[in-house]
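Here we start with a single chain on its own, the form predicted alone, put down as structure tokens.
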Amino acid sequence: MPEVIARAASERGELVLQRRDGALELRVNGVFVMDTEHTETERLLAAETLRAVERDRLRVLIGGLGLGFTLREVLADERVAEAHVVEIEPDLIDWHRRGLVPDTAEALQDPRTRVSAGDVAEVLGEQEPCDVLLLDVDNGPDFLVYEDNSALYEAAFLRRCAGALAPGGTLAVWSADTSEPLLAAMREVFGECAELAIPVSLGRRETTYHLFVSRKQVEFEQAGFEDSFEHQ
């Protein structure tokens, strides 16, 4: 049986942080969101997106705090000047600040980190343009944590993301599965989109997770992203 570390209720439902087989696990309304055992895609979401950005003093906006591994990987890049995380659940932020997720505690204490409680859709346009925008708020458009999040994967919201990016800025969206509608919407807004399939081992089960990556107002070199995964 899992050990419940913390539990909270919000207008969106129940949020649970628990320990199972030695790993921390985050669940929302009973739905598995992520754990501290399989963090490859959260880290790759940050590392591979940042690798393709050729500039310094990077401003990064992250939609979704989760268990903090995306943020930790962003901060590992010395070019990052600011990492602004927007998390809709204030209790999750509080759990991090109380040290209940020790693997990523240092990331929240990093002076480059800013964490806001709120909806990432409401933050876009309220700050200076960012160089990188990472969306990891669900398990993808077909595995929503909250039903209202479906709009985050449609062209209207993706246009707002484009507007929040500096010229040449990059948007990356994480998904547990492929999504033709998301791919089409990103191509509609940005002209091009690279879909990266990442092999992942979940215990005895082999699967793939997906990153959808687009750039704003620059020539999009899809091969540059895909080549980096040849070693996977």
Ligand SMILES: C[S@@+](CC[C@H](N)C(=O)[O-])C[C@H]1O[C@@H](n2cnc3c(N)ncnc32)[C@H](O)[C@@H]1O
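Don't overthink the numbering: it's just position in the shown sequence, from 1. Treat the numbers as computed from the prediction; the structure is a model and nothing was measured.
Below: the form predicted together with the ligand, not depicted.
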Subject >> One residue of 60, 186, 65, 172 in contact with the ligand, assessed in the model of the complex (non-hydrogen atom, 4.5 angstroms) >> reply: 65
Subject >> Option touching the ligand, based on a heavy atom within 4.5 Å in the model of the complex, out of 33, 196, 193, 165 >> reply: 33
Original post:
For this chain shown on its own, do 26, 42 and 137 all sit within 4.5 Å of the ligand in the model of the complex, going by heavy atoms?
Top reply: yes
Original post:
For residue 82, is any heavy atom within 4.5 Å of the ligand in the model of the complex, or not?
Top reply: no
Original post:
Is residue 88 close enough to touch the ligand in the model of the complex, meaning at least one heavy atom pair within 4.5 Å?
Top reply: yes
Original post:
Any of the heavy atoms of residue 119 lying within 4.5 Å of the ligand in the model of the complex?
Top reply: yes
**OP:** May I ask you to state whether residue 92 is within 4.5 Å of the ligand in the model of the complex, using heavy atom distances?
**Re:** yes
Original post:
Heavy atoms within 4.5 Å of the ligand in the model of the complex: which stretch among 147-155, 107-115, 124-132, 74-82?
Top reply: 147-155
